[in-house]
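To begin, one chain is listed below as structure tokens, in the form predicted on its own.
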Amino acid sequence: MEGLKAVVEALIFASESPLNVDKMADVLEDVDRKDIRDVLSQLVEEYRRETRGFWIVEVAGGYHFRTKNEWSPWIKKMKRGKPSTLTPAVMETLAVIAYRQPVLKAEIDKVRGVDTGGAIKKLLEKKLVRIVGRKDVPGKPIIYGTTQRFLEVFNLRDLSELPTLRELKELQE
């Protein structure tokens, strides 16, 4: 298909969230997935090499345009608003969910040593965690896990990219 690179680029640009190869293949009915992956590799490399303010990154199981980190001071200045931040308690709760999912609130409370109901509510509102089901025990407690939005916000392709305990200790040192 002539112009495949431009079409794939336009699809990624028009998508509000990371776009995966399967969705692109649905739109580009007569195009082989291998050809789409080849074009994606070319685009990612081209944007990586070029001196532009943005690039295409693989995040949350798909591809998305993102601004490059080195331009963030100007973007923050333009937006002039304080970015939405999470308190340390909410971040700790999110970390427990991310590393132990699927996880019950009682398990999160036990790890944190405090009631995490408020923190979980905040994470649900921000769409960083979701209810993945209910445990089949008396009371049917809710089971929590992270969302695609979590992967997007933290620039992760998938959960395997979460830092290990060793990597976290190295960062602290």
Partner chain sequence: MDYEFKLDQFEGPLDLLLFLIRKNKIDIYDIPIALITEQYLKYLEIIRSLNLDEAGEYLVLASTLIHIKSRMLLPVPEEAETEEGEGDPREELVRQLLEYQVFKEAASALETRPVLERDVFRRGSHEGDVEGTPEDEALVEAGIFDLVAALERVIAASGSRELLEIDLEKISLADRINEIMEILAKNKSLTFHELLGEASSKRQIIYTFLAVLDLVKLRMVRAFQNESSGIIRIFLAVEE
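Positions refer to the first chain, counted from 1. As the structure is a computational prediction, the values presented were derived from the model and not from experiment.
Although not depicted, the form predicted together with its partner chain is the subject of the following passage.
Only one of L43, V31, V114, L104 lies close to its partner chain in the predicted complex, with a heavy atom inside 4.5 Å, and it is V114. Proximity to its partner chain in the predicted complex holds for none of V27, Y63 and S160, with the criterion being a heavy atom within 4.5 Å.
In the predicted complex, its partner chain lies farther than 4.5 Å from every heavy atom of V21. Heavy atoms of I143 never reach within 4.5 Å of its partner chain in the predicted complex, leaving it off the interface. Taking non-hydrogen atoms only, K110 approaches its partner chain to within 4.5 angstroms in the predicted complex. Although the partner is absent from this view, R48 stays clear of its partner chain in the predicted complex, with no non-hydrogen atom inside 4.5 angstroms.
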